[in-house]
Every structure is written in C-alpha cells, then in structure tokens.
Ligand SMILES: N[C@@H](CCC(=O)N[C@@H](CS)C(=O)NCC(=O)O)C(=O)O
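Listed next as structure tokens is one chain, alone, in the form predicted alone.
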Amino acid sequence: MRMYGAEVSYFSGKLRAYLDWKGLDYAEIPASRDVYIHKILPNIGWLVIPVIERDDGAYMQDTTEIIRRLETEVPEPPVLPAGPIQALASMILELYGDEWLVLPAMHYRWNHNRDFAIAEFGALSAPDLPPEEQRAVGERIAKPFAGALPALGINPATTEAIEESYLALLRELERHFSVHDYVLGRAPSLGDFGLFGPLYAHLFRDPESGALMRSKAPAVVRWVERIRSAADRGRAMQGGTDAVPSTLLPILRRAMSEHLPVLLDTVEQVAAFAHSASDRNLPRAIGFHSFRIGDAAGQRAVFPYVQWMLQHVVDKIQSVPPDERPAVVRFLEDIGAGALAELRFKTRVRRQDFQLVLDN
C-alpha cells in the first residue's frame, strides 16, 4: 500500500498509528502538490488526505472506513475488543477524537501556532522551492483551514472555554495514562488511534501547544510517544474482561457532556434536510446549530458526516445480545450517553464513491 499523507495532518496521524501498530506493509508518500494533482484529485474527486492506494490500483479514503476495511482483511490483532462495553468506549472515543477534539486542535493551531503550520504546509506542498516561496504557498494553502474556524464554532466568544475544556481533558488524560499505557489498558485500540490524531498532529507537534502538553501532561506525552513508535506493535488486548478503567470514565463523561447534544441535534437536522432534499448527495455542511462548551455558547455548522460516525456506535449498541444489554445500558447511562441506547435514525446516511449520500 501507499499512503498519501503528512506529519502535519490530523487524520494522517490516526491512520499511520493504526498501520504501524498493525504491522501492515505500506509506504508513506508526502502529499505534495503533484500528489494532489496527479493522484488524489483524479481518483478521489476532491483534495483530502490521507488516501491509500492499493497495489491493484484501488483507492481508499476516510480513516474510519479504511480501518474497518483493513480489519476485515487482517483481523488479528483486533482494533476493537470483543466485549461490547470496551468496544463502545473505544468507538465513542474515536468519534470524540475525530469530530470534537477538532475544536482545541484547530484553535491552538491557527490562533497559537499559525506561523509553524504555514511553514509546514509550504514545505510539504512545494519541497523544491526556497523557504520564502514555500511561505507564500503555505499562506495560500492555510486560508481554507484557518477560515474554517467559525464553521467549527471557534471564535472569540468560545476560545476561552475551548482552552479550559482542553486543559481539563489533559488533566483527566494525565491521571489515566499515569496508571495505564493505553485507553483500555495493556494494548492500543481504536479509541487510542482516534485520540492520537488531534493530540499528536496538532497538539503535540505544533510548538506552543506541544510545550503546553509537555509542561502539563508528561504521561500524555509518553502515551503519544508510545503510539508514535508503535512500541507495542501487534500486542492484543487482554481478554476475559469487559471492564473500562475507572480513570477513563471522566474522559468519556466529558466527551458525552460536550458532544452528545451536538450529535443528537445533527441527527434531527439531517432528517429535516432529507425531507426536502432534491437529491441524495449531501454537502459537507447543512446549516448551523447551537452548541455549548463549558460556560460558552456558540453556533457551528451541522456536519452530516458526524451522523455517519454515530451510526457505527448506535449499530453496535443495537447488536448487543439481550442478556448483555442491561450492563451496556448501565454503562451508557453512567457516562451520560443513555440517549444512545434508544436512538433510532429517521434517515440514515452512507458513503458512496468517497462522498456522503442519503441512504433512504
């Protein structure tokens, strides 16, 4: 396999960590301008990384979809534990890392580490140009990323609360990783890779946020370095238990208290959009809705992709055998996610040809 990605990329970090831990044979190729023009755009249809090109010429895009596909091909060791409670904890953390930690990741990058990010983008896109010309290239590439902050809900009214929430999360992660090597204990799982994307690519590598992590959360730094080095490549999770470490519960509760209202409203917004949609293709965003983080309130775009991720979690809940369901429901209620046990989708979405479409 060839992975077109970048160290500076949020989701490249997630996928690279999975591939390395799994011990899969791949070569990473930096996503330069030529790669975007000659590989990604003609085969995916839009500019995005990471992208996988298989030896047979087939392409894969989207880290969640790629990981699930590769798990069917190389199931051992599994990225998800067998027990439904541990599996759900891991899936919830993947969703949280992918779709909610984008708030601190993007805030710190573009409000505290902008010059570093611009230099990284310029060097990646145009490696053969001198630094001053790379800077100009990086400025052009940075515009849509930095310009996305308002759509994510990052603005002067919310940045203080975003920072407070992130610092509280760091404290919770620090307590957890002081006694556990990984999210669920002895080996990485999908939850680790979901958290690794933002915590590595933006919040560890970028200089100001990286200094903050090193000063406030050295155990989190050690976890980042364990994941990055694939120190426990191929190690399977311990069987025989479906318990979640007690130190993980505050992290899951934070994830659900902040993210669940947005998730549930997204489901309602997608259903309303589908009712009047003229075709099945979904845009990246379908209007705005309210959200809260800490004491701050704001508006952010409604992203239908979030529902596609949530569908995996809810489908997992609904697949639990009846005799195991009471324990799963108690776990969900304990972390503030009881509503997920009863959630039913009026409208489902699916991915088709690297795009999101309405399923019914």
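As the structure is a computational prediction, the values presented were derived from the model and not from experiment. For every residue, the number given is its place in the sequence shown, counted from 1.
The form predicted together with this ligand is left out here; the points below concern that form.
None of 40 to 48, 295 to 303, 310 to 318, 331 to 339 except one has non-hydrogen atoms within 4.5 angstroms of this ligand in the predicted bound form; the exception is 40 to 48. In the predicted bound form, this ligand sits beyond 4.5 Å of every heavy atom of residue 345. In the predicted bound form, this ligand stays beyond 4.5 Å of every heavy atom belonging to residue 288. This ligand is not drawn, but in the predicted bound form it has a heavy atom within 4.5 Å of residue 284. None of the heavy atoms of residue 32 is located within 4.5 Å of this ligand in the predicted bound form. Residues in 146 to 170 all lack a heavy atom within 4.5 Å of this ligand in the predicted bound form.
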